[in-house]
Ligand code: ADP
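Just one chain follows, in the form predicted alone, and it is written as structure tokens.
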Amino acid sequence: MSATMPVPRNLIAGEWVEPAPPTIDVLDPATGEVVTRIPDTPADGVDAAVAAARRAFVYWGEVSEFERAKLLHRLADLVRGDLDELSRLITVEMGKPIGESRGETAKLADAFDYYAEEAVRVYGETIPNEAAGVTSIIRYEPVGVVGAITPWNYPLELIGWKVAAALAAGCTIVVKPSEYVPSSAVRLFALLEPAGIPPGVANLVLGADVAGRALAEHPGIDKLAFTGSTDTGAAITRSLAKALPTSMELGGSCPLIVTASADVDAAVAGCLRRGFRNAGQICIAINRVYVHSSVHREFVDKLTEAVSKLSVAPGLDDPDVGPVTNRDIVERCSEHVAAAVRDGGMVTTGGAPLDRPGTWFAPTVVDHVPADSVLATVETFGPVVGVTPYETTEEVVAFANGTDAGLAAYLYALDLNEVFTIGHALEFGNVAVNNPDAGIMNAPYGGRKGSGHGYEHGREGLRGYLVAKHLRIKYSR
């Protein structure tokens, strides 16, 4: 195991809790080697973390918004000061190129700064009454103790979105990160004390299914924030201990539409970035591409050439594409590509695992994928893109909307009629037109249909951690 990894411990009530058996091996996906071992926290460890958050909420919920903002700004500065090491830990355990890890860590700091500013902009309302001498005041208060379960593909940024918004709102929080990528979370939580954030306000529990289930089902939490697969999100919803607010960002299976009027070179560049960045392991990754028949051949040829030139190497070498994070991704990519070929698709580049230690899959393009093939209907979550030609606007809108996914969609078109007709018809929470970036920090980010509910980013992201109170005051006879 690496001597430079942080000690894998839980943080509960400001105290580091030493790990106890059983433990879980954490692997470097570039080599398959064990880099650390984390505790598989049992339910009583989650109980302790929730109890600590409940005690801290009594105090933290009354701390002024301006004080909370100051501490979050301080935490942002500490993250920037530790950017290199936080980024290295992401890459060692998750596999993404180190340049992408640095970008993720920088955006984590930006999230703390953004919600520090939003903390002081939570405004109430005064509502008129029919009765004389009565005033109604609407104020927004923190929801309470938050349970947060985060995935492995953006191990710091997706923690940061939840911690930043929750703390800005005056909530306390318990975070259970993915067992695949714990060390960057441990190092991040070590920055809470020097930032001045009181003990128990943010707590960390490591582990796998037992800890995740115990947190999701815990009767002591007041809100659950989850990012992960659609199946897991549905299971969590069924298991909640009581009626409580939830926010869920679930699977994507995101489409890209390239119309006859599109700038094909720009569409290829956008597909290259959003289809293969982070080895395609992004909820908003382009999974399926629908290209008008008049530009289909040009698009496929140019995309195939670009993908075939992508460098594939360990993340610390800063290639274009690193390893995928676990064996499940390799197997899913293989299954989806094989199914598409059986259905009549044709691999134009890649198409198979790479024969290396660790977990690798070659960046892949599959052409002529039938619209009902698994590659075009189920999220692959790996470096694989399927291309399907289409003829009419009505047909392509039906293709794009024809799955249960509703997180993000992409459209390349220069004809304004196509931009607005297709853009308005797409049943997705985020639609990016002529660019590959579906989300920005100051705009709401969330899904529809099977891709979840609730929002992160923007004012809406903060509102998800607040509850409204109607205070109706009779002040005169």
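Only a predicted model underlies this, so the values are computations on that prediction, with no experimental measurement involved. All residue numbers are counted from 1 along the displayed sequence.
Just so you know, the form predicted together with the named molecule exists too; it's not on screen, but the next bit is about it.
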Handout entry: in the predicted complex, residue 227 touching the named molecule (heavy atom, 4.5 Å)
Key = yes
Problem - Non-hydrogen atom contact residue 395 with the named molecule in the predicted complex at 4.5 angstroms - result: no
Practice task
Would you check, heavy atoms only and a 4.5 Å threshold, whether residue 150 touches the named molecule in the predicted complex?
Solution key: yes
Practice task
Using a 4.5 Å heavy atom cut-off, state whether residue 177 contacts the named molecule in the predicted complex.
Solution key: yes
Completion exercise
Picking from 350, 212, 358, 406, the single residue whose non-hydrogen atoms come within 4.5 angstroms of the named molecule in the predicted complex is 212
Handout entry: Proximity to the named molecule in the predicted complex, single hit among 109, 312, 236, 295 (heavy atom within 4.5 Å)
Key = 236
Handout entry: Region of this chain that lies against the named molecule in the predicted complex, out of 304-312, 339-347, 212-220, 360-368 [heavy atom, 4.5 Å]
Key = 212-220
